[in-house]
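So this first bit is one chain, no partners, the form predicted alone, shown in structure tokens.
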């Protein structure tokens, strides 16, 4: 974990409630897709944990959904604002355990860490599929960015306005058996994906409310076969076979 200042360079609105933020700063602590940062906002006591969408030397890309007063303030900060940032938090996806037939599966803002994951898998010579789920066409974002990487992209929307009508599980059921899934999204989605019998394995990144973000408060635990584990410190990525619902 590294504490440093990041400067907001740009905020771009992608949908009615999802924004893309570009920040400049020291990204050396970010070492794996699936990690997150914890941002301090002016006038707010608790920091805001945000998944890292992508990063390179000196630049950080975040996707943020307006979910309350804090994130609403964050996405409307003026360019040039400095943000006190804890970076390199959490344990990300383990690429060494990912086979060739991996499927990136994201729901809503949960697709954020999958973009940086996809780029690094491609750099390692792998070509995963992407299955992205949204409420409607109006809520869909980053499908062009995933497609621009050369991936086969499947979209599911709850109202059927784009792609398959239904959920990401409806798309996964149409794929060949033995799929290895790298998933991130709301807990009900993760639980439904986890229950699919045709999966060979996977890694699941959990979204959770966090107070501290680095394991001190034990407020974001999930149950695993090894007992309670903290999403912020032991995760947010867990192996499929370790998760207990």
Ligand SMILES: Cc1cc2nc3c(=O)[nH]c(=O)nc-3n(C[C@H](O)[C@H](O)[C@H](O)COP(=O)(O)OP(=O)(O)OC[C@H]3O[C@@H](n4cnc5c(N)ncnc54)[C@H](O)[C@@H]3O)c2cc1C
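Computed from a predicted structure; not experimentally measured. Positions refer to the first chain, counted from 1.
The protein also exists as the form predicted in complex with the named molecule; that form is not presented, and the subsequent description refers to it.
A heavy atom within 4.5 Å of the named molecule in the model of the complex is found for exactly one of 60, 30, 50, 193: 50. With the partner omitted from this view, the residue of 83, 171, 109, 140 that lies near the named molecule in the model of the complex is 109 [heavy atom within 4.5 Å].
Heavy atoms of residue 201 never reach within 4.5 Å of the named molecule in the model of the complex, leaving it off the interface. Proximity of residue 64 to the named molecule in the model of the complex falls within the 4.5 Å heavy atom cutoff. The shortest heavy atom separation between residue 55 and the named molecule in the model of the complex exceeds 4.5 Å. Mapping the unseen interface onto this chain, residue 42 falls outside it, with no heavy atom inside 4.5 Å of the named molecule in the model of the complex. Exactly one of the stretches 22 to 30, 175 to 183, 66 to 74, 193 to 201 approaches the named molecule in the model of the complex with heavy atoms within 4.5 Å, and it is 66 to 74. Of all the residues from 179 to 207, those having a non-hydrogen atom no more than 4.5 Å from the named molecule in the model of the complex are 206, 207.
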